[in-house]
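For reference, the chain that follows is the form predicted alone, supplied as structure tokens.
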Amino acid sequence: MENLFDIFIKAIFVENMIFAYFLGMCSYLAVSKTVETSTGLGLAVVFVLGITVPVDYLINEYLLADGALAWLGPEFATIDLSFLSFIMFIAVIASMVQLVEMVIEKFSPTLYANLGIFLPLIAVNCSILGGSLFMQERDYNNIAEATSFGLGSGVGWFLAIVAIAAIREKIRYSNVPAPLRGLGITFIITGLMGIAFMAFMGIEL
């Protein structure tokens, strides 16, 4: 249980998808104009990462990894389908994003309209695919660890986009030099937040 908590906290702060790896920057920069919209997209990313990472873990363990097909019989033990990882992972991600899109459109049409094209673009969000690829690379011992990592990565991305949205709402009333208004000051703030999050690397987990 302690190991799951360590993985979860590390994924949020130490290995934050935005501030440590700068993955998913397109949606992060485009949608983070208001806290309300950012919260909706952030929760969608938490859901998608929390579902796709454990599902992709099962696919990797029982279908894709070298020797994963041994459960079908000894003659299948030598088959390696790892070259299908990208295709399989993206298929799972696209399915989950489609589900999220239908749910949001049904229950929150306003949020659906505000998110616009960036909601279906979660399917090609680098942080979503990155979560599954990091899971595969780190070779977690069980699905609980993979789920903890997926949820932690989603929560980390959620905190990042909501934090920058709150700051962007406040700096509208600040005297920002004209050349830096908009994305210019947002890039600078993101870099400073990334440096601040580097302080968490000293945490012993």
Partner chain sequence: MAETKEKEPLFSTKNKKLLSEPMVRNNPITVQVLGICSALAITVKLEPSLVMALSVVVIMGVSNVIISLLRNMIPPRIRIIVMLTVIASLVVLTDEVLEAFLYDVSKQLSVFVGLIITNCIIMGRLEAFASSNKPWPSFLDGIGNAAGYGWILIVVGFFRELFGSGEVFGYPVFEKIGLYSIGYENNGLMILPPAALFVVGIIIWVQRSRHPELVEEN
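These numbers were taken from a predicted model, which means no experiment stands behind them. Positions refer to the first chain, counted from 1.
FYI, the form predicted in complex with its partner chain isn't displayed, but the following is about it.
Every member of the trio 137, 178 and 190 reaches its partner chain in the predicted bound form with some non-hydrogen atom inside 4.5 Å.
Of the heavy atoms in residue 124, some are within 4.5 Å of its partner chain in the predicted bound form. In the predicted bound form, its partner chain lies farther than 4.5 Å from every heavy atom of residue 107. A residue is said to contact a partner when one of its heavy atoms sits within 4.5 Å of a partner heavy atom; residue 94 meets this definition for its partner chain in the predicted bound form. Not displayed here, its partner chain is kept clear of residue 144 by more than 4.5 Å at the level of heavy atoms in the predicted bound form. For the options 58, 166, 70, 26, the one in contact with its partner chain in the predicted bound form, meaning a heavy atom within 4.5 Å, is 26. Contacts to its partner chain in the predicted bound form (heavy atom within 4.5 Å) from stretch 69-105: 83, 86, 87, 90, 94.
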